[in-house]
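There is one chain below, alone, in structure tokens, taken in the form predicted on its own.
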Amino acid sequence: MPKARPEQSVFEFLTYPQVGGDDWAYMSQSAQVRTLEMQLLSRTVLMDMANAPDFSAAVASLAAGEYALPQGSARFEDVQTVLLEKRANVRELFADWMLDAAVVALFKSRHDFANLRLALRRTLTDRPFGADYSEEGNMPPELIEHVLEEENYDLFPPYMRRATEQAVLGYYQNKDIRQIDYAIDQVEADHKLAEAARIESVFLLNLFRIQVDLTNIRTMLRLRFADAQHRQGLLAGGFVELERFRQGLELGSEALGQLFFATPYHRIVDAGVAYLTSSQSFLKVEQLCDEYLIGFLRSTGQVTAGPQVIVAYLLMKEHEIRTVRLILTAKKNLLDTKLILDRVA
């Protein structure tokens, strides 16, 4: 029978880790960000959208803000166009404001990994997964496809070469398409952590470690819910040791809260498991993970000026755009209001 808990990690923070100090080279950019932060949608607006009786009413609740549609337009396609435009705008601002090109390249690598995942799935399995590539990475999607077709991986930057080699090796062991995702996820996490350390950014290092932990919480709970025989998908590099997550796969649901009691994620696990048990849904887990990450990003408010202010705004704005799209998609598909509130409240 498994032990009640593994050897405890010692956390140097109760709720959120450090965000680093001020960098006065970012004074002007940070001042602009603080102005834009005041224009982020309030919780009241999001709740009004979620509680709206239908899709048209939810769209109308945005009429006074930057997401307002042209007069007479209320189609979901029009909403999607506006959201994509806003997302592109904030990413352009981020690239303009960030003085360190390495940080810009690091965040663009998100799209490289996503494009590589899609291209590898198509190339290795000969299945038509589509070609919904992002054009916002460091490497053009057509060049990624060309490199994979030619199998000349030396043309990739090191992080993409490692991801490709490990994904190909993992896939061909059992022809298991999940191995592509596992390999890319771990290389992406390793790359972000290594770059944050090289840049010597406390904020980025802590941000990426939090992201690893939140991914592992989701993975642990999904593997448990699916009663999966395999135990793959957990990522190394977070604040919480992997052994705790592995033990969480074996313990009963009632013991998970206690297992994570000494971590900053106790509430996520405890409340998330309770909701999952009662509703057979991951909505609350996703909502609580988002809430924790946004809380950490908002803690950059203690910094007067610095690159962390710019990064936090980028991620909070991207989250806002995803939330607006999620609510409007749910309204369009006539989902129950309670389910929407459980996901975004």
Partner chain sequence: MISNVSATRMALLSLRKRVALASRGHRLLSEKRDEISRQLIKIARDIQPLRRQVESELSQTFRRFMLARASMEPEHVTAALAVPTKKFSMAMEFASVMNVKVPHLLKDIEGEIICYGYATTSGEMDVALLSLERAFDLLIELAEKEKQARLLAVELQMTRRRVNVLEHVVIPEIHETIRYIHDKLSEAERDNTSRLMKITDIIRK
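Because the structure is a prediction, the values reported are computed rather than measured. Residue numbers count along the first chain shown, from 1.
The following text describes the form predicted in complex with the partner chain, which does not appear among the structures shown.
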Exercise. Determine whether any heavy atom of Asp132 comes within 4.5 Å of a heavy atom of the partner chain in the model of the complex, and answer yes or no.
Key: yes
Quiz item: Any chance Trp97 has a heavy atom within 4.5 Å of the partner chain in the model of the complex?
Solution: no
Quiz prompt | Thr263 within 4.5 Å of the partner chain in the model of the complex, heavy atoms | solution = no
Quiz item: Can any non-hydrogen atom of Thr125 be found within 4.5 angstroms of the partner chain in the model of the complex?
Solution: yes
Practice problem: Tell me, out of Gln32, Gln39, Ser56, Ser281, which residue has a non-hydrogen atom within 4.5 angstroms of the partner chain in the model of the complex. | Solution: Ser281
Self-check item: Listed residue that, although the partner chain is not shown, lies within 4.5 Å of it in the model of the complex (heavy atoms), from Arg209, Arg162, Arg87, Lys108
Solution: Arg87
Quiz item: In terms of non-hydrogen atoms within 4.5 angstroms, which of the given stretches 46-54, 273-281, 60-68, 304-312 touches the partner chain in the model of the complex?
Solution: 273-281
Practice problem: State yes only if every one of Tyr16, Leu205 and Ser253 has a non-hydrogen atom within 4.5 Å of the partner chain in the model of the complex; otherwise state no. | Solution: no
Practice problem: Scan 88-120 and note down the residues that get a heavy atom within 4.5 Å of the partner chain in the model of the complex; none is a fine answer too. | Solution: Arg91, His111, Ala114, Arg117, Leu118
